[in-house]
Structures are given as structure tokens and as C-alpha cells.
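This document opens with one chain alone, in C-alpha cells, the form predicted alone.
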Amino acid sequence: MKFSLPKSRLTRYLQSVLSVVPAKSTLPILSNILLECLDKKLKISATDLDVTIMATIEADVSKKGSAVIPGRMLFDIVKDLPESEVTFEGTANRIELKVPNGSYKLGGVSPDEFPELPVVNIKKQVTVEAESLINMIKRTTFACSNDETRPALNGVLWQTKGDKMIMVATDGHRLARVSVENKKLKGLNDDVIIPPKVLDLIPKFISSDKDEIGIIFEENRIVFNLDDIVVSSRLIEGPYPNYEAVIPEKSDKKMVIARTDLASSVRRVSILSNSLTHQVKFGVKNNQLVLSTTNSDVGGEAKENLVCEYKGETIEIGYNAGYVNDILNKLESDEVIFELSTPVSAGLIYSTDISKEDYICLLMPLRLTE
């Protein structure tokens, strides 16, 4: 094989593909990337067996062929090169990189040992609006669980059957649900559960001027076609829990408060919170929110008062400070609304400028410690 292309172009696509290469793996082959020289194009592929990334870029190909070489080692070499044309030449077992002021040689592995790549059937592709999908991803993946005993909660539920497509994520302590108008996917596919790892990659690979994203639903995989980059991922087996059952229909207490002021106060007060629970107490009464915490381990106490609009009886409720700020960081309005019920009931949090039918977060309280 022999090909050449500009260093900057190669660096960009290598970095994208390496997003899926595991730092450590019991299978050494997964630390490698597959290079395939095609007609005027270079295809770079990597996989961790769950997620596969395939990038196809223009290159000056003199001789077709393929090779499997260490991915991060190649990237570390290329990223520090001065801008120039980089030429690759060699066989499946040994590759030489040639640049104007030197050369580098890397040992390779037989391409036959590289995991089989998924076949992408473009004919099955449907498109969704890029901006809508990115917003849905950014507003949900943070709430996924890491508990391997409940695998369905390790992913994001994507529902496409109705007039709206909905994404939901929850770890049992917090929940995020976002919905947007569904024009193209209605009735096309059953609910799917997607690993957050692959969803978090999609916004990184999409240029700001891209209007649509290609989606291919398969029996146990989902494929995102981003033109020069194709991302394929296994789906998580369901069923997903009935999340609607835990969302309160009515709450008798409602607090409206400045989002950034609350986030800042929660961060400060939580510095002295318990290192395990990160509990901060919310005490709401007469249009005033009192944030407080105590930590007997360090003999610390903290308290801050904030002005709010509040309707309802006095309530004291404990929350994990990290979870509160995770949610506040996803809401973009100047003010946010808390709908509360009892100190042991889930609270709803949403923006003042977005309907709670479009985006809502749920947060379970912590039992207050005196």
C-alpha cells in the first residue's frame, strides 16, 4: 500500500477514530486501527467491539492495500509533525511514514486479525435534523446509570413512535426526558436503548453547518451516518423501565429561582457537605430558600440565603449537590422552576422558557441527616 495526504487532515480523522480505542484492553488487537487504501480515498477504522468508527477521507493513493497498526502510537507521531505532506508506504506487516525531514517505521498486524466491521446499508437510512438530535443527546446522557446490574439504565431510551421523538435517561436518582417534534421517524421503529458513549461522540463529529444526520436502525445495532464518518453501535437489550410512572402528575409546592445564583450557591455550600452523600438541605419558606449543610467529619457548617418565588407550605428537603448542578447546567433559562411535594418525593425541575413537556428533569431527595 502507498498513499499520502496532508498532516492536518490525517490528524483530525485519527483523533476522531481514536475516540473508541480503549486505553486498556484484554484484546491487544483493539489498540490498533485498520487502514484501507481505496480509489482516491483512505478509510480508517477502529472498534472496541461495542462501538465502531469508520472515517473515509480523500488521499493520493498510489497503491491499494490495508494494514493494522497501533493507533495511539501513530497519532502521537503525526500530531507533533510540522505541517507537510505525509506519505505511508509498506505492507500489511510493516509501514513507513515519510515526511520531508525524516521517516518512522511501525510494525503491524495482519488485517485478517482485525475484528469484522459492520456492513452499512445506506438504503435503510432515514434522516433527522442535526440540531434537534444534538440537543436531545446533550440534555439526557448525563443521567445514565453506571450500575451494571441494571443494564437497561446504562443507556438512553429513544422512542420514535408518536408525534414526538423522546429521549429518556435515568439512574434511579435522577431522570431527564426531552422531546421534539417527530416528522420522519413516526412509527418507523420500536423503542431502542443506546449506550451514552456513542451518543456523546455524535456532537463532536458534526460540523455547525450540517443540517441532517443519517440514521440506520438495525435489529441490534444503530448506525449514525455523518458522511465522512460513520459510527455504529450495539444496542442495549430492554425492556426499559416504565419511567412515566415515577414522574409526579401534580405538586402542591412551586419555587421559581434564578438558575445561575442557585448553581453558584449550591457549589459553595457543598464544599462542606458529606464526602459520600454530598447532601445540601433546601429549606423553602416565605419566598426565601435557605441552603445549608453540616459535616461532622471536618466540623464544618455552611448556610446561604437566596430570594425566590414560592407557593406552598414550608418544606425542608435534601439533595445531592452534584446532581442538582448537573441538572442546572443543562437548563439554559435565567430562571428555573422546582415543583415539590414532600421531603421524600421526587421533585421536578425545568426551565421557565421551555415547556416541561419538551424538557424536564426529575430528582429524588436524600433522607435528611441532622
Partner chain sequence: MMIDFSPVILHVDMDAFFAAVETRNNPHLKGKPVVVGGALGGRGVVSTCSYEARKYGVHSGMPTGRAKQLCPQAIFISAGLKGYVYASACLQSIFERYTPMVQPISVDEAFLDISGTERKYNNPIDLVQEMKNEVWEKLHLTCSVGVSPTRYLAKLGSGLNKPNGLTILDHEKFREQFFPRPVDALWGIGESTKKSLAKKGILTVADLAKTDSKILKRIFGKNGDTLSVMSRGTDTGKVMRFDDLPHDKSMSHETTMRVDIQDPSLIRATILWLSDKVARRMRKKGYVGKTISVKIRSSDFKTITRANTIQRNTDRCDIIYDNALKLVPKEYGMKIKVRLLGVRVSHLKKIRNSRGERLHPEDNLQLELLEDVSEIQINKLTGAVDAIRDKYGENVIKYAGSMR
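Every value quoted in this text rests on a predicted model; they were computed, and no experiment measured them. Numbering follows the first chain given and starts at 1.
Another form exists, predicted together with its partner chain; not displayed. Remarks below refer to it.
Among heavy atoms of G300, none comes within 4.5 Å of its partner chain in the predicted complex. Interface residue remark: I360 is not counted as part of the site for its partner chain in the predicted complex, having no heavy atom within 4.5 Å. Heavy atoms of V119 never reach within 4.5 Å of its partner chain in the predicted complex, leaving it off the interface. Heavy atoms of L18 never reach within 4.5 Å of its partner chain in the predicted complex, leaving it off the interface. This chain is drawn without its partner chain; in the predicted complex, the residue among D112, D211, E148, E249 with a heavy atom within 4.5 Å of it is E148. Between the options K197, R234, K161, H173, the residue in contact with its partner chain in the predicted complex by a heavy atom within 4.5 angstroms is H173. Annotated contact segment (heavy atom within 4.5 Å of its partner chain in the predicted complex): 234 to 242, selected among 234 to 242, 74 to 82, 99 to 107, 124 to 132. Looking at 91 to 114, no residue comes within 4.5 Å of its partner chain in the predicted complex, counting any heavy atom.
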